[in-house]
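Take a look at this one chain, the form predicted on its own, written out in structure tokens.
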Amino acid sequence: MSPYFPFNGEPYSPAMGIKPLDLIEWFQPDASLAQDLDEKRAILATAPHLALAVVAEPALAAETSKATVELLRLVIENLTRYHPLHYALDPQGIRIRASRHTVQVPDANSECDAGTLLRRIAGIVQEDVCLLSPNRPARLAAGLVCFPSRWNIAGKVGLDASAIHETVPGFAQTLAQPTTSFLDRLTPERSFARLNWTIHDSALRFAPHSVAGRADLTPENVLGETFLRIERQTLRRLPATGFIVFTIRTYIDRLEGLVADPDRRERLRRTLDSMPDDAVAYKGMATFIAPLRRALAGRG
């Protein structure tokens, strides 16, 4: 179950919600580490075109590969320093204790491309990983996203933050400038984290396409058939190459269990009751928001 429940009972209001990040919490390996890595391997074996993308521009692609080498080394350093119960170094690279897999570490003269290196990172951590270019406006240079929330990396690579989020209601008016300014000011000395959420009518984490949504949900069954999807996102600027690392850790939990606690149930109800229609539609909740609101209010 997710350690996060991002509802305080306040009216819905889109916000960046950025908080400082201690690098001991950059990654959060847990008991599902081996299972999650197996799922990522399966996705990359069957649908790599929807999970992995690198910008096509030769110069930027070459710089992205250098950044990914830097990133892989920082990932390994962080995990073996702060999470020795889950990871250990051996002569071949980094060993994941739960799965007994070892991922090779490139040497200083490595010329591996960004895609190959991102696959290695995907075999180590539960988080998805994207790289944003160092110059303004920061653009999505590469990413390996096995657990997208009804989008896919192939449709976003090469875009800047404003273009990536152009379908988000109100983003251009309220969040585009703060987001751009935040990315411009981000330095290697300080890292940050935020939470994003939606509610899906499926427990699938690999959701690379938008869907119409289920129309068969009622106040009586909706809590058992819908799932709170939380993304814990982190942002960190790499010290050598200046690229920005964006990680996404995805948690999915059935609503029925999460709102068994009356206080949580009420906090979620208040947020959902205040959501405007365009935000409901954007999050893919339009077909079941009415029965969900009734169920949370105890009106079956």
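Keep in mind that what you see is a predicted model, and the values were worked out from it rather than measured. When you see a residue number, it is the position in the sequence shown, counting from 1.
Here the subject shifts to the form predicted in complex with ligand HEM, a form of this protein not shown in this document.
Interface membership of Thr198, defined by any non-hydrogen atom within 4.5 Å of ligand HEM in the predicted bound form, is confirmed. Contact annotation: Pro14 falls within 4.5 Å of ligand HEM in the predicted bound form, judged by heavy atom distances.
Looking at Thr167, you'd find a heavy atom of it within 4.5 angstroms of ligand HEM in the predicted bound form. Although the partner is absent from this view, Arg194 contacts ligand HEM in the predicted bound form, with a non-hydrogen atom inside 4.5 angstroms. Remark: all three candidate residues (Phe171, Phe182 and Tyr282) come within 4.5 Å of ligand HEM in the predicted bound form, counting heavy atoms only. Of the candidates Arg120, Arg205, His83, Lys156, Lys156 is the one whose heavy atoms come within 4.5 Å of ligand HEM in the predicted bound form; the others do not. This chain appears without its partner; in the predicted bound form, the one residue of Leu50, Leu235, Leu272, Ile252 with a heavy atom within 4.5 Å of ligand HEM is Leu235. Stretch-level contact analysis of 67-75, 129-137, 111-119, 83-91 against ligand HEM in the predicted bound form, using heavy atoms and a 4.5 Å limit, identifies 129-137.
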